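This document starts with one chain, in the form predicted alone, laid out as structure tokens.
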């Protein structure tokens, strides 16, 4: 319910011939307000991850945080998770594409609100957070540490006692199980990284309870941008819900060539990797006896339309995490909005993506959309 006050003001406007906007100080229509309400409330309800026995465990969270900043997870003993997910850069690296032992193929994503995802990685190559967390450790272009090397490194580290207090004697564990355990510790920490409430949330909640005085504080430019976002722009088709993401995969008209002769297949390759992975919700390393969520990996299949599509990122605190898109090819929010305003339809190679059309926005409309996106920022949690 939006509140009795909103309803009464609307009725007054109709009866006396006033516009809803002039009667309330709002620049949104009733239909647009209904769409705005679908982007909350925030924070979302959350529960422990049943596939990760360490989820929500305070000791595991603290050990996961320490491991996140430790180089013991890398072969060169110089690289940590924080080397790429830099605290001072809002858990990104500020680069178009990540850099490990070589330049990587994709942009380094921020680490906030991950616990709410259904798929992980730009291509959805994992269906749970602990599997995504362990992937960089053994990747040859990232931390380059084998399962056996990880076990040896932990055995002589300051973290051995804390690890064994949670999992038992390290010497008894299979090296692959040690890798999984470390992934679950990292995931327990990452689950806690949730963004705070924003100016948009205050506006949205004020609308819901009919508090027009508080709602009127929301800047006019942001209201106009929000109107474009849920209205003519149709941005909320993909950027839906409290996370501002439907969690699925779409073609955004961004080139998928990594370099001459090499392409990023996106979700198509992600599904292949997912189905080959031993670390899914359907696998033996899941701690959930009921295999909650395993149906997704059991049923997902590769299709031609998957090629060159990438996961829709959430937009909370998006202004803090430039550059943008899966390849980091757009340096600013203005550039992103201009991309969708003038999108090249010839680049839309995936089936069924005709929902994207050039918006042909003018300079003020571009600025209004950017001003709205900036109201999705909030104080970020410490890594």
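Residue numbers count along the first chain shown, from 1. Computed from a predicted structure; not experimentally measured.
The protein also exists as the form predicted in complex with ligand HEC; that form is not presented, and the subsequent description refers to it.
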Taking 4.5 angstroms as the cut-off for heavy atoms, does residue 356 touch ligand HEC in the model of the complex? yes
Just to confirm, residue 318 within 4.5 Å of ligand HEC in the model of the complex by heavy atoms? yes
Considering non-hydrogen atoms and a 4.5 Å limit, does ligand HEC approach residue 122 in the model of the complex? yes
Would residue 85 count as a contact of ligand HEC in the model of the complex, using a 4.5 angstroms cut-off between non-hydrogen atoms? yes
Sort through 258, 199, 300, 254 and report the residue having a heavy atom within 4.5 Å of ligand HEC in the model of the complex. 254
Out of 36, 333, 60, 26, which one falls within 4.5 Å of ligand HEC in the model of the complex, going by heavy atoms? 333
Tell me the stretch among 291-299, 149-157, 72-80, 202-210 that has any heavy atom within 4.5 angstroms of ligand HEC in the model of the complex. 72-80
Ligand HEC is absent from this chain, but in the model of the complex, do 116, 180 and 279 each have a non-hydrogen atom within 4.5 Å of it? no
Using a 4.5 Å cut-off on heavy atoms, what residues in 295-328 are near ligand HEC in the model of the complex? 310, 311, 312, 313, 315, 318, 324, 325, 326
